[in-house]
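Below you will find one chain, with nothing else, as C-alpha cells; this is the form predicted alone, and questions on how it binds or moves follow later.
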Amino acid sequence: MRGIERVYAGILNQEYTLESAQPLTFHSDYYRDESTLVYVTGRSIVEARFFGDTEDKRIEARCNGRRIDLKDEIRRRFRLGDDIDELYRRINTDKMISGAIDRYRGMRVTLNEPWETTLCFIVSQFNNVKRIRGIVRKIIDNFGEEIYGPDGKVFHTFPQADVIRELKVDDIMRCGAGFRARYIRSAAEYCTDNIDLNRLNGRSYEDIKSELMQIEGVGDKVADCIALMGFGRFEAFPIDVWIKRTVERMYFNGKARRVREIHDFARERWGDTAGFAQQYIFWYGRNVMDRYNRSASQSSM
C-alpha cells in the first residue's frame, strides 16, 4: 500500500453506512473489529480505517494498484461535502424521522460508479442483503480482472458492462443470479451499445430516471436506486416493500397507497432531500418496524 492520506469526515457512522444495503454493502469488505473498509475502485485497492466517534470521524486511507487521488475518492464516495446537519434539519419533519435520525445518526448515502450501482440493484430485486452480496461477489470473482494487493493477495476489479455483455446468461446464472441473470446480461448489452451511463451525469433527475428505465429489468424502484446512489440525485425516492409498508403505516394509518401516491407524498414533504430521507425510512423500516410487526403478530397468536 502507498502512503497514508488523512481525511476529516465530521459526522459519520461507517457501520450504518456500510451495512445499509448500499453498493458498498455488496462488494466491499468491512472489518468491524478493526474499523477498516477494503474495496476496489477501477484498478485500485482502497483501504480506509475509521477513527473517532460519530460526531468527529477521521479516516486514514491507503491505496494499492493504479494511483488515484485518495482524498477525492474518499470525500466523493462518502459525500463528505454534504452539510449533513442541514440535511437532517430539512428531513426532520415528524417523530418517526426524528427517531430514525437519532438511531442511525451518521449514516450517509454513498456515491458509487453508475454501472456497479446498476448491476447491484438489478441483483437486489426480490432478494435479501446476504444473497445480493453473495451473487455480486461471485460475479466479481468470476469475471473481474485480477489485481494484486499487499503480500500478493488477489483482488478482482468490478466487471464492466462490456465484459458482462460477452457472457452467456448461463454463465451469470452460475453465480446464483437466477432469473436476474437475463436482466444483468441485457443491461450490460444496452449500456455498452446504447448508452454511456457516465454521460448522464449533470442531466436532470427526470432525464436520468427516464433513460435508466429504457434498460430491460430496470423499473421504477431500481431506477431510483441508481439515480440516488450512482448519480447522487437526492430527488430520487426508491420505493421497495419496506418503504411502502413503513410509509403507509406511519403516514397513511396503514392504508394501502399506490407507488405514484407515495412518490408525490415524498416529493411534497421532503423535496430535493427525499432520497436522504428515504435511506433513514428504509433502514428504520427494516430494523425497527419489522421487529415491531413480528412481535405484534406473535403476541396476537
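When you see a residue number, it is the position in the sequence shown, counting from 1. Source: prediction; values computed, not measured.
Omitted here: the form predicted in complex with the DNA. The next part is about that form.
The closest non-hydrogen atom of residue 173 lies within 4.5 Å of the DNA in the model of the complex. Using a 4.5 angstroms threshold between heavy atoms, residue 240 counts as touching the DNA in the model of the complex. Although the partner is absent here, residue 168 sits far enough away that none of its heavy atoms falls within 4.5 Å of the DNA in the model of the complex.
In the model of the complex, the DNA sits beyond 4.5 Å of every heavy atom of residue 156.
Look at 266-274, 42-50, 57-65, 243-251: in the model of the complex, residues with non-hydrogen atoms within 4.5 angstroms of the DNA sit in 243-251. Of the listed positions (106, 144, 217, 149), a single one reaches within 4.5 angstroms of the DNA by any non-hydrogen atom in the model of the complex, namely 217.
The putative spot formed by 221, 258 and 286 is fully lined by the DNA in the model of the complex; each residue has a non-hydrogen atom within 4.5 angstroms of it. Along 263-288, these residues reach a heavy atom to within 4.5 Å of the DNA in the model of the complex: 278, 279, 282, 286.
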